[in-house]
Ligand SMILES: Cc1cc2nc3c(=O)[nH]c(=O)nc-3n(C[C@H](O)[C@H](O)[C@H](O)COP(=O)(O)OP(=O)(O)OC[C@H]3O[C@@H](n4cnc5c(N)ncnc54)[C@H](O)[C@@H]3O)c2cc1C
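First, one chain by itself in structure tokens, the form predicted on its own.
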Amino acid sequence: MIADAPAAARLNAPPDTLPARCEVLIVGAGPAGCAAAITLARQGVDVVLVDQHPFPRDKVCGDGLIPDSHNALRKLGVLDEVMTLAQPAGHVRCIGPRGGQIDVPGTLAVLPRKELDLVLCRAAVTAAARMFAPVRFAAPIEEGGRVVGAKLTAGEATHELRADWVLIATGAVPQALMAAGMSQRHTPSGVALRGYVKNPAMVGRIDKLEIVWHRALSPGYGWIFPCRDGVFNVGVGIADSHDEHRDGKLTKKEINLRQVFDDFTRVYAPARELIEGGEWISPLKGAPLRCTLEGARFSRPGLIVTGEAAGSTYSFSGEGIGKALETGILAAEAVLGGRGAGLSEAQVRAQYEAGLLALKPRFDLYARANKVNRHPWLADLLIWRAKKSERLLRRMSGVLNETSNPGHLISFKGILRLFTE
């Protein structure tokens, strides 16, 4: 181990120094991969962490940290460091098609993924994980029906690394899943487009996480999230970007995300003012989303899929950081159970998959809540009633804090209750 070396010096170790063996190989140094690496390395596990891009690196994301993110970051021991860099916020502002709005309280913050992932990766190497980049996953190494390592590539070079466990945490892009034989759906669940605009004049005017629904954006939504130093994350997302046919195949809908973004600035004046009076410091970039814990096998002998690769993003809101962290921790805890509690390989995988399945009902409820994106008038209805009902506002806040179910707000019974409670 090299725990006594400065952590910064151990980021992006050259690929030609990759070892021949480790206990756990983690592919992908985003929130899920780093959460697993931190959890394992702090328990003395020999962890190798690889990423296809050297750090710090950009990642397309809304950057919103909702309460589940705060809870996971606290568990990992990095919440204080994250919050020294993040822009805190006390509310999500929900804006309906007719301009009505309601501020939903919650423990929130915004931190660009370039900074968040760097904090997490540094924590992993400080815990003695070894991180190498740029390195790509090419294929698993299999013996006797079990994954026992991986073939990794760096430029033209190929390296074989043996490991007791391989964790795939490569996000929504499916190539690693496909190479590992774990992809059940190559197409994404949704798509998003975001950029960063600096406009100091909007500081204080936009101090909440703003989410906007409008007929012009359906079946998606727009957002403006305030970062620090007068910078704003602005974007649009569509959670249902593909249609499912009777044969089970998915085809991409005819969606022009750039046009949706332009429509966002047309129908929502603050977005228009932000951009017209601001400076683009990072252009609009698009990215796929994998949602609802669907689209991939969760495990096979010797291999575990975690984070957004496993579909850890909520379909209704596109939020995925917190659940990526949680699933990475779940994967690490399952592996630790095999190492310390003597669980068999099958029991480790069963424990992990049971942890994911325990989360699945909540993901399904978010999928039901996705009706708001398809039918924006539901947002008008919720906002109208929430402005008249403290109880409903508390329920909406409970959705953020995961004490209320989002799908219940817009079920038939939920809509009926809007008029009766």
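One-based numbering along the sequence shown. From a predicted model like this one, the values you see are computed outputs, not experimental measurements.
What follows is about the form predicted in complex with the named molecule, which we do not show.
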Segment that reaches the named molecule in the model of the complex - one of 140-148, 75-83, 88-96, 220-228, heavy atoms within 4.5 Å: 220-228
Any non-hydrogen atom of Ile38 within 4.5 angstroms of the named molecule in the model of the complex: no
Distance check, Glu326 to the named molecule in the model of the complex, heavy atom within 4.5 Å: no
Partner contact for Glu210 in the model of the complex: the named molecule, 4.5 angstroms, heavy atom: no
Close approach of Val47 to the named molecule in the model of the complex, 4.5 Å, heavy atom: no
Of Met396, Val60, Leu356, Ala367, the one that lies within 4.5 Å of the named molecule in the model of the complex (heavy atoms): Val60
Heavy atom within 4.5 Å of the named molecule in the model of the complex - residue from Leu303, Val348, Leu193, Leu330: Leu193
Residues in 154-171 with any heavy atom within 4.5 Å of the named molecule in the model of the complex: Ala169, Thr170, Gly171
